[in-house]
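A lone chain, given as structure tokens: the form predicted on its own.
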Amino acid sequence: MDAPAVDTPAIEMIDITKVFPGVVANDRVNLTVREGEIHALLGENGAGKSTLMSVLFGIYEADSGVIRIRGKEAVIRNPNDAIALRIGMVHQHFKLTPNFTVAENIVLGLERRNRFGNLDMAAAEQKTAELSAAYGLAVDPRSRIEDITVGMQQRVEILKILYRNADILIFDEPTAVLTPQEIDELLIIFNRLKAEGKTIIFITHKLKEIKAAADRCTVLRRGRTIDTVAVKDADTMELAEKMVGRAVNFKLDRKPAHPGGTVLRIEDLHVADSRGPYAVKGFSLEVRAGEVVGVAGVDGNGQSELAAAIYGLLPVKSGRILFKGRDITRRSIAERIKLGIAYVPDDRQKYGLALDFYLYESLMLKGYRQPPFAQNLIDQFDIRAENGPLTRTGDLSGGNQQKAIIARELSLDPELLIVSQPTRGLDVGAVEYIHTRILAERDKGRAILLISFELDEILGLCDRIAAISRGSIVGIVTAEEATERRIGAMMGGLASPEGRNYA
């Protein structure tokens, strides 16, 4: 392949249109990415960002428009065409085989064989180790995928595309499932890749990450290109307004709480992990009416199991869960719902919704004995659905799926709302709406238990904050005592930077 001219862009996507039944996902979109830059793609949920990158990687074929790679027009009908053009993509939901090793996943489809025709795993492991060392990824080629962290799995995905000699790297929502520490590490990796001459496009909703990592940013809204800006010249308010088409209020109006009686009391709770050891150990906490209590911690420290046990999805090994003084430790989920407990799970698609159901069916799942008020909920919670109540739930954007779950749970008029990762992967407009709604429910007197990996979210919404590490509470602080440094230290297992225990 001839070397492109110095000023030739790495990628030009010109007037790209992609239509699905009833939806124009990309409407004459234009995108230009320079060689060796980190380029962010910003937009609301459903703005067409992932569709556009899927067109570039050959998952979808554009209905019209032109793609040029390094100055030459390219026809990309499938991912093999993209890989041949040295384009690689790391998807939001990783494409790894859990019981294979790192090296086995990386070479899958490109397996080397020795002179006897057998798989040469030693060579594959050596090549993986060399790539890992070259880019500072620190991945063990012999580890099994099921035994490593989500952040490390993402590094394996990066190694997969580097192994295939990609120099245009696409990342779809790369930080949606990462802890704050892993996000910092990923942004360092981006800069290493850029220093090696790689061109990076990453889709994100997080304006802080764009400011930290990107050179330029292209904004999409409702399937159209709005603008491309140099990140150093743009402030977050400007980017947010371009994204949602209106001013966004980043400062939450959190009035002082006026807590009432204790609604939820957890006493010395122990919950087992699926692999045997306890995920939750000796956990004790109270949540009162009219307050938001946050559980802050790094992913994998028992938060998911804690929420599931309170709601009845996991059995309790020992300890008690009391709702308004009544022991519900062994009560069924149906009884807990009837008593007034609602749950927004951390994985909306796996646990929160039936994706093949119509929207009206998803909205009335727990209230099927009552008259359905689907259209009222759609209007009240501003759920944007192409075909109204008859929209397939799986066709909604992530933000609208989250609104649907929250609408359904609040329609039950609960006294206790358990909310886990409420804004994971959502754009600033949806985040603003959900945060405002959580505070409104608190002010109505609901007791809210909020579980989040986002420190900004915890600090912005919570009246009291409990830090969890290895399944146990490290300490509890009030909103007035809380700082990012203090909560971060507690999440790491320290009582506080000063050594004081706030439990």
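Computed from a predicted model, the values in this text were never measured in an experiment. For clarity, a rigid core is taken as the largest C-alpha set superposing within 1.5 Å between two forms. Numbers follow the displayed sequence, beginning with 1.
Not pictured, yet referred to below: the form predicted in complex with a small molecule.
For the interface check, one of 63-71, 43-51, 430-438, 461-469 should have non-hydrogen atoms within 4.5 Å of the small molecule in the model of the complex; which one? This holds for exactly one stretch, 43-51.
The single option of 414, 88, 398, 302 touching the small molecule in the model of the complex, heavy atom within 4.5 Å: Answer to the contact question: 398.
Candidate from 10, 491, 25, 16 lying within 4.5 Å of the small molecule in the model of the complex - any heavy atom: Filtering the options by heavy-atom distance leaves 25.
Applying a 4.5 Å heavy atom distance criterion, does residue 205 contact the small molecule in the model of the complex? Yes, residue 205 is a contact residue.
Though only this chain appears here, would residue 173 touch the small molecule in the model of the complex if you measure heavy atom gaps against 4.5 Å? Although the small molecule is absent here, residue 173 would touch it in the model of the complex, with heavy atoms inside 4.5 Å.
Any of the heavy atoms of residue 386 lying within 4.5 Å of the small molecule in the model of the complex? Yes, residue 386 is a contact residue.
Core-aligned, is the CA shift for residue 154 between this form and the one not shown 2 angstroms or more? No, shifts by less than 2 Å.
Aligned on the rigid core, do the two forms place the Cα of residue 399 2 Å or more apart, comparing between this form and the one not shown? The answer is yes, as the C-alpha of residue 399 shifts between this form and the one not shown by 2 Å or more after core alignment.
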